[in-house]
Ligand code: BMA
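Single chain ahead, written as structure tokens, the form predicted alone.
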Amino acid sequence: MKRYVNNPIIAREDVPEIKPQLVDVTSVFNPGAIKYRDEFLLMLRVQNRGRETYLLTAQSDNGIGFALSKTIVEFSGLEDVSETIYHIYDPRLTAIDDTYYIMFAMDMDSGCNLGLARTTDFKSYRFMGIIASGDIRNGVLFPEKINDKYIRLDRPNNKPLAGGSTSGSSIYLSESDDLINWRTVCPLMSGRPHFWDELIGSGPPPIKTREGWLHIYHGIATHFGSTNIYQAGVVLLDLDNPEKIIARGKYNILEPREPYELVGQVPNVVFPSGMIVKDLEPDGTAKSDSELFLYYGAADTSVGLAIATVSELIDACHEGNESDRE
């Protein structure tokens, strides 16, 4: 993927002052992204100097220059959760019909849970419930039902890391009848030890193409002595049976190289979280020659933009695996 020449497109200095929570903020990163009323809309994770996390929206007519809202996103219904919620973060946005769903991580005493909210106007938001509990994150919702089921990808945190935290080495496929109660279908794909994606997790929600569901995920190389390295890669899933992997790229499509990706709150990070295809067919399928805008967190500090075409990323799924097409 090619970085936008004037990255980062959003930095902490761009966040408006919203007293008392957001004053001289520390960072803005890991945005969800969606097309809304012909505009590009991001939902941003913002951290203040108390390391509290808030969500803000931003809108753009070209996907590059964004105007940030001066209103913090608030979810009605959260007051019904009995357990303390410390942070809500890393939103992923999916449109199904005329409703926009926000799936996000929730830090609580019981671990990192998945929450779901909905909106129709990006002004009022309704919390629908906790849809996975324990220690799980990177939940992303497919933009349509498959075989009359809602489908999501998620990543249980079941791998201990140095320092006492946990991560995950496998992405799972789950299904639901009502968006609230979910069943694990299968482990979909696992990390590849000793290579760029030893630990993995979903990035933005998959997009529909003629060739399959195109999904960008993050991979973490952990075998370097001084640091973990967060990168992005691609996988192509069968349209009718997303349990089936058509092709998975051997190489990453984006890795930390620029100063704003190498230095920050968490060094050596590109974290893909939002994706918008500029041109769609009438049925919502991405046009193969369309540009695709990938929004990512850079070093957990700012927001970067990388651009490719849909066909280039589909080709990347097969790169290094030429036998896929034989």
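This is a predicted model, so every value here is computed, not measured. Residue numbers here begin at 1 and follow the sequence given.
One more form of this protein should be noted, the form predicted together with beta-D-mannopyranose, which is absent from this view; the next part is about it.
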item	value
Residue among 269, 292, 58, 46 with a heavy atom within 4.5 Å of beta-D-mannopyranose in the predicted complex	269
Among 67-75, 83-91, 119-127, 202-210, the region lying within 4.5 Å of beta-D-mannopyranose in the predicted complex by heavy atom distance	83-91
Heavy atom of residue 27 within 4.5 Å of beta-D-mannopyranose in the predicted complex	no
Non-hydrogen atom within 4.5 angstroms of beta-D-mannopyranose in the predicted complex for each of 137, 230 and 300	yes
